[in-house]
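As structure tokens, one chain now follows by itself in the form predicted alone.
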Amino acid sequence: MVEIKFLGYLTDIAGVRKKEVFIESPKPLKDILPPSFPDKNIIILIDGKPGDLETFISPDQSVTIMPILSGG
């Protein structure tokens, strides 16, 4: 079971703040997310380490996805 946490406006896109996804074998993160999910201006942490949409996710990993914030 992969736990995916969405932060900021990404919760609106995903429709939830936290989602658990059952996978049997490693898959790229992009294959687990909704097709309309943005692929730019996001930060992805996999078990607390930087990752991206092409990173293979294994069962029992934790993923956090947050928007890049900017301001002045």
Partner chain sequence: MKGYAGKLLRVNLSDGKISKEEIPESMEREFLGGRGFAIKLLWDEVKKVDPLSEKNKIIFSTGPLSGQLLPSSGKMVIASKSPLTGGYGDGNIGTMASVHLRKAGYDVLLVEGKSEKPCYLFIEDERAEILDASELWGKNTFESQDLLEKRHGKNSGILLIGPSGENLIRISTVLSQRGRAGGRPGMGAVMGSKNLKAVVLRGTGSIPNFDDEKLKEYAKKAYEEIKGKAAYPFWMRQGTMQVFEWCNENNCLPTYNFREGVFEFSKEMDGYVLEKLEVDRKGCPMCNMQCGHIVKDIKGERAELDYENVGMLGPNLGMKTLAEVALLNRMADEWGLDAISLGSCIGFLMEASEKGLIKERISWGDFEGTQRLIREIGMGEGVGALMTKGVKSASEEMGKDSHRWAMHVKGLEVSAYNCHACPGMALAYGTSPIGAHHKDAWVIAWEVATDRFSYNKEKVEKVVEFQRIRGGFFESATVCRLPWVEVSFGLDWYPKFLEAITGYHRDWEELYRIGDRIYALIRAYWKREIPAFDRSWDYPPGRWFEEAPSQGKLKGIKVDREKYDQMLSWYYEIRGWDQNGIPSKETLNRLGLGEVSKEISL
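Nothing here was measured: the structure is a model prediction, and the numbers come from that model. Numbering follows the first chain given and starts at 1.
Keep in mind that the form predicted together with its partner chain is not shown, yet the notes after this line are about it.
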| property | result |
| --- | --- |
| Partner proximity in the predicted bound form: M1 to its partner chain, non-hydrogen atom cutoff 4.5 Å | no |
| Interface membership of P50, its partner chain in the predicted bound form, 4.5 Å heavy atom rule | yes |
| Contact flag, D12 vs its partner chain in the predicted bound form, heavy atom cut 4.5 Å | yes |
| Distance check, T64 to its partner chain in the predicted bound form, heavy atom within 4.5 Å | yes |
| Contacts with its partner chain in the predicted bound form, stretch 35-55 (heavy atom within 4.5 Å) | N41, I43, L45, P50 |
